[in-house]
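A single chain, nothing else alongside it, follows as structure tokens in the form predicted alone.
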């Protein structure tokens, strides 16, 4: 446990020293939150409900987690590209210690990112006269933990399999797919047709749906429980696959 936490502490410090981490993990989601709120206030209230603050805040929180995925992949691929990770292979640390050392700090960063996003959303909601439910925000933060693990799992896989030049590009594809097919910037449910079917084939759609249902304290099966179960399954599968890939890559490098 001490080895895991020491390595996790090192990775948190690496992220805190990188100014791009503040820009993408915190600054960019907050900018999108403010920008979309301004757009929402400039159009008829019933035209685009996705931009209403109670729907926008959970969507932006999910969007922000995608950048945590990016920095997870960058952190791991950069360590692999240098000699740092090879030196760690020679220590008593196991593959489980190393993967936990990458996952734990990124999960902490993701939770902090969500808290900051919802604090900003709450302030905005007071300004526009549509105050958010504090209970809804707290439940939403808890609901977003599985989706954070899912995106960290993506980052773990990309960081292990690809170098520091390729992994960011692959993460950008996931960010684009997640932003579009996750229904973050439009109401996928109301579009129907082929678009909705495609969205339902993507795990990002269920991340957004469960988060928005949690915000409104709607715990019905189809709105909350089923999407949350799907996200949990995807989070477990991707994290397990990432850990397995890391372990296999470590044995190959040592062999």
Partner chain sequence: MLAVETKKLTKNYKDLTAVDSLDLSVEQGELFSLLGVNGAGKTTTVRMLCCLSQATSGEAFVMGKSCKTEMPQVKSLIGISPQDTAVAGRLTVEENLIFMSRVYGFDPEKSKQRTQELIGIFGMEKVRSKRAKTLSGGWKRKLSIAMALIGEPKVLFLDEPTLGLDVLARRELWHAIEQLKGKMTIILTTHYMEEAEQLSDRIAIMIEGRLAALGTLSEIEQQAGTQGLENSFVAIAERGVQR
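Numbering follows the first chain given and starts at 1. What you are looking at is a predicted structure, and each value in this text was computed from that prediction instead of being measured.
In what follows, reference is made to the form predicted in complex with its partner chain, a form of this protein that is not presented.
Looking at 80 to 88, 137 to 145, 173 to 181, 159 to 167, the stretch with residues near its partner chain in the model of the complex, meaning non-hydrogen atoms within 4.5 angstroms, turns out to be 80 to 88. Among residues of the shown chain, residue 3 is one whose heavy atoms approach its partner chain to within 4.5 Å in the model of the complex.
Its partner chain in the model of the complex comes within 4.5 Å of a heavy atom belonging to residue 92. Of the residues in 98 to 136, none comes within 4.5 Å of its partner chain in the model of the complex through any heavy atom.
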